[in-house]
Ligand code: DGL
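In structure tokens, the next block holds one chain alone, the form predicted on its own.
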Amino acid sequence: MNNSPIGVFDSGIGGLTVLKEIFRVLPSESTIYLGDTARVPYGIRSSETVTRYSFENTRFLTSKGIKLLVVACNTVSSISLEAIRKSVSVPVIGVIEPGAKAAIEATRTKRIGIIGTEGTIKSNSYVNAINALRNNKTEEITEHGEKSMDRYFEIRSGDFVIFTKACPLFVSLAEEGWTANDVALLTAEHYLRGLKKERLDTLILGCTHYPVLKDIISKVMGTEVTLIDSAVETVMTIKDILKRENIERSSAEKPSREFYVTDSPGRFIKVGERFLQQKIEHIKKIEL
């Protein structure tokens, strides 16, 4: 079991930011990554469809003999995580709770921002995770901004004030590699100008694509705002579980790194190598 791979799945490419952290923090571990590129994005699907897709991804990876499953997708983490945990015998880790926990520990003023896709922001998954960890409940929600692109929400929860903002264009910028140009900067300035006025001290990057834009986001928000990268926090949780369960890899052989996609391996390689900053080999297209 110790030398079995870690399984990671996402609806597409964003989960590679989690995989990159696994490579950095746990370089001796073997991995299998599944990107469901034929059915991306999951955020526009019904809960029933997301759950069905999630179980198909899970069955594929568990058939490969994985020792731990990472759900590197915010949508699945908010909808299907507990159902997946009940269906398998290996540890299952999502990306939401580690990020929420890190934000609670980082904030000094208890004013936290959350940015993500429209689906993640509408689900309030990070707010719910913060509430659960703090034994709080949402008391008041205020909408700010007249135009849709300016709209963000203020949520009062116990002694916390949480601000949530959908930034859907960040996904396209990340996948196109437009992470350090004027277009990226102008987009970030427009999206984040409302949150910047709210005196946040902590901002959760609530989408696995967003760490690719970390430098631009930090430039707009200012160095006094701590950015919480859920990919980083998730991998620290993985490390703790491997140690606690005594399933750290012990083999001296070079670890294997396998990739599977459900569509367009060529595009996945092109964008994925930019995310990982290394070559992608051993990739195969499959049907679920």
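Since the structure is predicted, the reported quantities are computational estimates derived from the model, not experimental observations. Position 1 is the first residue in the sequence shown; the rest follow in order. In this text, the rigid core denotes the largest set of C-alpha atoms whose superposition between the two forms falls within 1.5 Å.
Keep in mind that the form predicted together with the named molecule is not shown, yet the notes after this line are about it.
Of the listed positions (188, 166, 171, 90), a single one reaches within 4.5 angstroms of the named molecule by any non-hydrogen atom in the predicted bound form, namely 171. Between the options 69, 225, 232, 40, the residue in contact with the named molecule in the predicted bound form by a heavy atom within 4.5 angstroms is 40. Though the partner is left out of this view, residue 124 does not reach within 4.5 Å of the named molecule in the predicted bound form, counting heavy atoms only. Residue 117 belongs to the set of residues with a heavy atom inside 4.5 Å of the named molecule in the predicted bound form.
A residue is said to contact a partner when one of its heavy atoms sits within 4.5 Å of a partner heavy atom; residue 75 meets this definition for the named molecule in the predicted bound form.
In the predicted bound form, the named molecule lies farther than 4.5 Å from every heavy atom of residue 162. Here the chain stands by itself, but in the predicted bound form one stretch of 129 to 137, 100 to 108, 150 to 158, 202 to 210, 202 to 210, has heavy atoms within 4.5 Å of the named molecule. Contacts between stretch 131 to 154 and the named molecule, counted in the predicted bound form as any heavy atom lying within 4.5 Å, involve no residue at all. Relative to the superposed core, residue 239 undergoes a C-alpha shift smaller than 2 Å between this form and the one not shown.
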